[in-house]
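For reference, the chain that follows is the form predicted alone, supplied as structure tokens.
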Amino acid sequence: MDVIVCVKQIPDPADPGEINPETKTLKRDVKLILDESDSYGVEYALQLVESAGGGSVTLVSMAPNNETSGLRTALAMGAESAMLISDDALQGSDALSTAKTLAAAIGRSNPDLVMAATESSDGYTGTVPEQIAALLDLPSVTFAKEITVGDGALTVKRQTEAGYDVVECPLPAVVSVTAGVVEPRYPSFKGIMAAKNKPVEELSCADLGIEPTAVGWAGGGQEILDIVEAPKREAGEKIEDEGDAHERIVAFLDELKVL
């Protein structure tokens, strides 16, 4: 079973860097790490291949400056190889441009399954996996919490507010997984050393047949007008018990219409 996993390399949330005042976007000229949400997709893909008795896990990522730090982490977990799309023309790409680029890379091979996180930690659009499926004309299942593969089809328990739905569809397909569905393995020292020699194919827009004007700022359908800091959280009301604290708390909750 051959699986391609879409992974995103992001600035470390502990030190996210600075905002570019001209583009009003996050500067990405720093070392990038594997988005934690994508580690679940990588781990699930590895488990599916192991259960199938053979196959491969290939990563695909779009990042500036030919950055591979995050990819090496996923390779250390056990993925066999990676595709990295890095091109100056991709700067400023919106969700659709990103999906077009990733779909073009994925379309160069014939995977049995394409996996992704539900959304990235630095974008939160939650639309890229669905767009990739549409561009590749593949069935799509989102919010997967459990995946079973067999006889050319897959069965997915799709998480909902009320529990989960059971969804079946033929392969190949695109599946996005929710955080926490599995426990991502910790890369071993042996895996880290092996990852240094695993192949990472570097691709440009030209390699994928993508016109530079169709992606990035030139092809994007969005414009960032302004960035403001999130409002600081105001301190809550402190209630000191003078014998009537319970009454005041009940009155407060009643005012909020919680009771």
Partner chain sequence: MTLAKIWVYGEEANGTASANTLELITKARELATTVEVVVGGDGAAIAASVGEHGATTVHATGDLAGGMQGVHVGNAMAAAVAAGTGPDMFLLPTTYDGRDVAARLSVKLDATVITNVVDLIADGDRIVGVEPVFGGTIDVKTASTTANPPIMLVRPKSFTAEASGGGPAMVMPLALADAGAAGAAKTTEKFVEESDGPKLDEAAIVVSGGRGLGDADSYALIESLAKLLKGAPGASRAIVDAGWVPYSYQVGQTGKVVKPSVYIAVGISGATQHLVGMKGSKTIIAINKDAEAPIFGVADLGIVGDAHKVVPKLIEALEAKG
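Numbering follows the first chain given and starts at 1. Between two forms, the rigid core is defined as the largest C-alpha subset superposing within 1.5 Å. Computed from a predicted model, the values in this text were never measured in an experiment.
Below, we refer to the form predicted in complex with its partner chain, which is not included among the displayed structures.
Engineer: With the distance limit set at 4.5 angstroms and only heavy atoms considered, check whether 70, 91 and 194 all reach its partner chain in the model of the complex.
Structural biologist: Checking in the model of the complex: none of 70, 91 and 194 is within 4.5 Å of its partner chain.
Engineer: Specify the contacting stretch among 42-50, 196-204, 29-37, 58-66, defined as having any heavy atom within 4.5 Å of its partner chain in the model of the complex.
Structural biologist: Going by heavy atoms within 4.5 Å, the stretch is 29-37.
Engineer: Could you confirm whether residue 236 comes within 4.5 Å of its partner chain in the model of the complex, counting heavy atoms only?
Structural biologist: Yes, contact at 4.5 Å.
Engineer: Residue 163 versus its partner chain, in the model of the complex: is there a non-hydrogen atom within 4.5 Å?
Structural biologist: Answer yes; at least one heavy atom of residue 163 falls within 4.5 Å of its partner chain in the model of the complex.
Engineer: Does the 4.5 Å heavy atom contact test between residue 127 and its partner chain in the model of the complex come out positive?
Structural biologist: It does: once its partner chain is placed as it appears in the model of the complex, residue 127 has a heavy atom within 4.5 Å of it.
Engineer: Give a yes/no on whether residue 78 approaches its partner chain to within 4.5 Å in the model of the complex, heavy atoms considered.
Structural biologist: It does not: once its partner chain is placed as it appears in the model of the complex, residue 78 has no heavy atom within 4.5 Å of it.
Engineer: Can you name the residues of 209-225 that have a non-hydrogen atom within 4.5 angstroms of its partner chain in the model of the complex?
Structural biologist: Heavy-atom contacts to its partner chain in the model of the complex: 220, 221, 222, 223, 224, 225.
Engineer: Rigid core fitted, then: does residue 227 show a CA shift of 2 angstroms or greater between this form and the one not shown?
Structural biologist: Yes, shifts by 2 Å or more.
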